[in-house]
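Just the one chain here, the form predicted on its own, laid out as structure tokens.
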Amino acid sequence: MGEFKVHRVRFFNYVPPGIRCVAYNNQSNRLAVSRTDGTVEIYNLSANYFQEKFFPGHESRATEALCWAEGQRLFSAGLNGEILEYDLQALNIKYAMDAFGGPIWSMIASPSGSQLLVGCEDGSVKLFQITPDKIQFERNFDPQKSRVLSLSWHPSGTHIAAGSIDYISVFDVKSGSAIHKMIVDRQYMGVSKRKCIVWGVAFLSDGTVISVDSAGKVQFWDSATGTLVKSHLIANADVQSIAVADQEDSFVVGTAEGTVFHFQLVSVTSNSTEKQWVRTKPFQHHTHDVRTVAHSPTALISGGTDTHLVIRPLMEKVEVKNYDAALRKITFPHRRLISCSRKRQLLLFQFAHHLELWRLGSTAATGKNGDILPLSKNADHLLHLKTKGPENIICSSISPCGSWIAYSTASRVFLYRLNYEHDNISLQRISKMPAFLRSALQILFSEDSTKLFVASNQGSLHIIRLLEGSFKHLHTFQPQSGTVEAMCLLAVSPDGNWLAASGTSAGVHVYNVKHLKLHCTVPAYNFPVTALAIAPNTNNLVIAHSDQQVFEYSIPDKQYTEWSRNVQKQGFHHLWLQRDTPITHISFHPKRPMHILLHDAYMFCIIDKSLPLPNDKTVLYNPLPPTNESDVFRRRTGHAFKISKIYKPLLFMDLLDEGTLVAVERPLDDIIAQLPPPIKKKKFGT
């Protein structure tokens, strides 16, 4: 593997926003997740749970509801009173429409997907018709006395249930009138509370309405008579969310204590056809409030204040007991928030509304393998660059020479020139950026820092030449065959001649920067690209996909390399393929052309192409043999994969020079320590 001096960086003070709501799409097996800062992420559950798309947040967009409609159309609504539709191709917001009912607390699509229902602060329930290119207001239902916090549609589409404060209403969709009003008991542990908030409702085919409320209860109601059938007290705090399986044989609820409960419909006796709802399993995978839950055909999904997206498979529904049967916790974005200037040993950290520039520390001490060396010079915080306006930063980058910083929000791209004078740093903003650079999904500098490559959300790629204090637009590569697919990943060759770009689907295009034309397209693959990089000297493009496959493609020869073909013929080790976090970064050693360096959140790996691949009988995570063993034994036990799991969670790792690595870690305990305290639970014996 080679010996490296490693800078272990733990001063990236990043805290992911909490999860506010999730929405599962059964048709495409995708999960939409909205966070407290308005960010919306889309996970492809069929592609190893990869976060394939995201929409940046906005200060005025506190999302309270998220739903899929008309198959692949995604809508959200929030406390600013607007309904948004997202463009899943261009990765931007199609339009925003005011519902004129004040803050929106709940939203749901009809079973047919052709109508949208929203519940508002003023007690109104509004029905919208979904047209091919927009939504259109249809009518109001009978107004309620308090805000409408939860909604559920009967599977037939004829009735809806609406949860408010202290009561649940059942509406007839055709007339829009309320036919029942069910008063919720305020009793909580024998004490009458001031108010009982109905946080969630679910309308079943047999007419049963299930409600969850702030008194810690799960209750079953008969919608035909408006009466309470059964009540379960399951928590000492709010039960905040509910989701029902499509077959209506199980449902899941989340509580403010961080517990997720699973209810199942089981037979009363072994020979009986009569069934009843039974609480079967509690799960404690969260430290804070579980704000939202979803129920896929094979898993229970939950998220909340502690920022984790937890996917727990239902073992009885998983056919093959492989890595799909494992519990997953997704905490960090599957995109890079850190960029590096090797020449000046600088790190640029991206936050929602600012950037931080740090100079790495240094040491004069030496030691043996595994020693922690004392710093002779501490890391310096050089710059805090705050954005103006309410929009979150989408992407950012620092040039290899450390003299340029670029970042983008949803409406514009910013470029800055940095000047260094001893320990002082000055910043010059480059004004009058071209009008076509409205928004970028990815920004990348060339190795010599003379060019800036910008991938817009309209599918086009712009090349900008950087001058001393200005710029010149060189060329724009238009999207292929009239598509507007956004390009999310970029890689440029060290000689600056080749540019590779990957979209939200599986395709990778390679452009000739010198002749300004499309050179080739890498054959399509079924799984999305998670990372790509171009090797020096050989100009081989290395591509990692979400199913953990790694391909090497020769750009000059327009074909896969011999090594890549051998890998596909033999196949990767089963433990390699069972890893559940995507590779997010690939780089190369300047003096070792046979080495590929890559990492995910829990391991750093060097693939040595000169060594044989490990087979399934070989130990993949093999410790290095002792130094006194013979070279024959080393060769016999050695294989191409050298893996280190020392650094985790690993957000970024790259070579600074031939013998130095920088690793940026973000321990989960540090994140939890910065969150508001959870609800205090009384423990036995205290």
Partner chain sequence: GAAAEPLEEDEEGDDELDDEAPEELTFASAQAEAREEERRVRETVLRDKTLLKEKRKRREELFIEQKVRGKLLPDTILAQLTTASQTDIKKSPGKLKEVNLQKKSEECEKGSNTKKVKVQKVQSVSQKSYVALRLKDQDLRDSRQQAAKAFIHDSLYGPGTKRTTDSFLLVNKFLSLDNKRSPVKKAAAQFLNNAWGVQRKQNAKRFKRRWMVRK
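Values in this document were obtained by computation on a predicted structure and should not be read as measured data. Residue numbers count along the first chain shown, from 1.
Although it is not shown, the form predicted together with its partner chain is what the next lines describe.
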*asked:* Can you pick out, from Lys53, Arg30, His58, Arg35, the residue that has a heavy atom within 4.5 Å of its partner chain in the predicted bound form?
replied: His58
*Report the residue, out of Gln115, Gln144, Thr305, Gln548, that has at least one non-hydrogen atom within 4.5 angstroms of its partner chain in the predicted bound form.*
Thr305
_Per-stretch contact check against its partner chain in the predicted bound form, the hit in 587 to 595, 356 to 364, 102 to 110, 420 to 428 (non-hydrogen atom, 4.5 angstroms)_ = 102 to 110
*With the cut-off set at 4.5 Å between non-hydrogen atoms, does Pro17 touch its partner chain in the predicted bound form?*
no
*Classify Asp98 as contacting or not contacting its partner chain in the predicted bound form by the rule of any non-hydrogen atom within 4.5 angstroms, answering yes or no.*
yes
*Does Leu655 reach its partner chain in the predicted bound form, with heavy atoms at most 4.5 Å apart?*
no
*Can any non-hydrogen atom of Asn80 be found within 4.5 angstroms of its partner chain in the predicted bound form?*
yes
*Considering only 534 to 561, what residues come within 4.5 Å of its partner chain in the predicted bound form, judged by heavy atoms?*
none
